[in-house]
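Single chain ahead, written as structure tokens, the form predicted on its own.
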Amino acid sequence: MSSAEQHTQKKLVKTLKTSSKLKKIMAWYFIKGKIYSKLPWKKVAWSVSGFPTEFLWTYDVYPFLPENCATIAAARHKSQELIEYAEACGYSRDLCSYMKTNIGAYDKKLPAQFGGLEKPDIMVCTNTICDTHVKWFQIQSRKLNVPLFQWDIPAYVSGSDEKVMNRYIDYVQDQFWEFTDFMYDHTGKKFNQKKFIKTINKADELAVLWHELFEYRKKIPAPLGYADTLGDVFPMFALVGERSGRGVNFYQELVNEVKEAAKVGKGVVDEEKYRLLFEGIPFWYKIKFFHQLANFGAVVTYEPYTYSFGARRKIIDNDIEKSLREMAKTLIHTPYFYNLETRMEYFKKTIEEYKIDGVILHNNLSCRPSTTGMADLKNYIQEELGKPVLLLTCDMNDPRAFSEAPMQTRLESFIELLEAQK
């Protein structure tokens, strides 16, 4: 009998006590957002991953993220129904499943716990990470008759040099001031430099703590795995710069728990055998996959997806222009959407630092930016770095792309490769 076949499906990766407190934070977030949407003197925005949420908090505009709500719909096994509704409206199956989930959830007037959202006062988006954001929000803004601001972020492709980067930074920086004009037009509030600096500093507190968590994940055994971080990343989406400090307090408590676990050598699996890197967005309708890795003594100790949302936004010498230039760099060039050349260097460095034994790549049918070049990345990791790779072609929010039995078979074969290498 193979090593993989000897394992029963009874073990689950352990999660942290602090992570369970996220439910209360999310409940508070959605309830407060609903209240904001009912008050005529408050403003609510729809935003996207990659857009600097702290810029909205500066204006006391409450950010809702349809992508995040789409993941909730998938986790509650509601996304397929909503995706099929959108496809019946004429949207192709090849389009982003987050977008189709949002279209279905809004049209059906579902509550937040099933992926629905209130109508916003404004919409803001950027094409960084995902160019689908642009058309998605254009469609919804026209349908809902809501003003839209689009922040255009150039792609930093292989071969780009410092001169190109500086030109891109100028372009992105200029758009920040266009954003302040847009916010004045639709909120009546002028740009407040002191409030901006305070909000950015608050946001950076959150990012610093997030990075600290990743430092502890280098420990053997890993005191924190993907089963926690795929949910714990929520404050990095929605609460970056939020003034109550709920996100900061949550992360501080999380860091303290992880620090104590690392001190006594407590890992998230009982007997850590394999340290994995997972690239891509998870399958939100099948989160149990990441828990069941513990059956084989495997734990995901690093994922570029969640790390990328912890981008530092630093105020430099109280100089707004200088600070904006540094922020622009992170919008243009961040791990989740590195060009292939940079991505390969990044993977090599990360695999060494985190002592990775194998890599799982999610060839996500709904996410071109993260999957473009993935076959080349797979070959590089296997041939140049000598690490086993499991390439899975699925979808982040559409369960029709996931097949349980073949997935289990491929996972067990991957574990056999890890075992052989050990």
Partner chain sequence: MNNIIAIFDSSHDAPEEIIMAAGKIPYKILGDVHTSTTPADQYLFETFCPAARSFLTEALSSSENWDGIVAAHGCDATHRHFDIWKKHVKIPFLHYVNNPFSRVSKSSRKFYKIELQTLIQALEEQYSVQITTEKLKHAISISNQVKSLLQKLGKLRESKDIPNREYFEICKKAVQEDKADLISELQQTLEIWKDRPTFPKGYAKIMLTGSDVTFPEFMDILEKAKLRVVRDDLSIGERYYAALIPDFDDPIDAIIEYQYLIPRPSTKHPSNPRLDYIFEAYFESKVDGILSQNLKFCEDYAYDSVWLSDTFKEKGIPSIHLERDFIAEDQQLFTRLEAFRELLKTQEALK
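Source: prediction; values computed, not measured. Residue numbers count along the first chain shown, from 1.
Keep in mind that the form predicted in complex with its partner chain is not shown, yet the notes after this line are about it.
Although the partner is absent here, I220 lies well away from its partner chain in the predicted bound form, with no heavy atom inside 4.5 Å. At least one heavy atom of C96 is located within 4.5 Å of its partner chain in the predicted bound form. Within this chain, P369 lines the site of its partner chain in the predicted bound form, having a heavy atom no more than 4.5 Å away. Taking non-hydrogen atoms only, Q138 approaches its partner chain to within 4.5 angstroms in the predicted bound form. Between the options T187, N295, T350, Q175, the residue in contact with its partner chain in the predicted bound form by a heavy atom within 4.5 angstroms is Q175.
Site annotation in the predicted bound form: the residue of E345, E326, D152, E271 reaching within 4.5 Å of its partner chain with a heavy atom is D152. Partner contacts here mean any heavy atom within 4.5 Å of its partner chain in the predicted bound form, and among 236 to 244, 130 to 138, 204 to 212, 187 to 195 they occur only in 130 to 138. Along 161 to 182, a non-hydrogen atom within 4.5 Å of its partner chain in the predicted bound form is carried by R167, Y168, Y171, D174, Q175, E178, D181, in order along the sequence.
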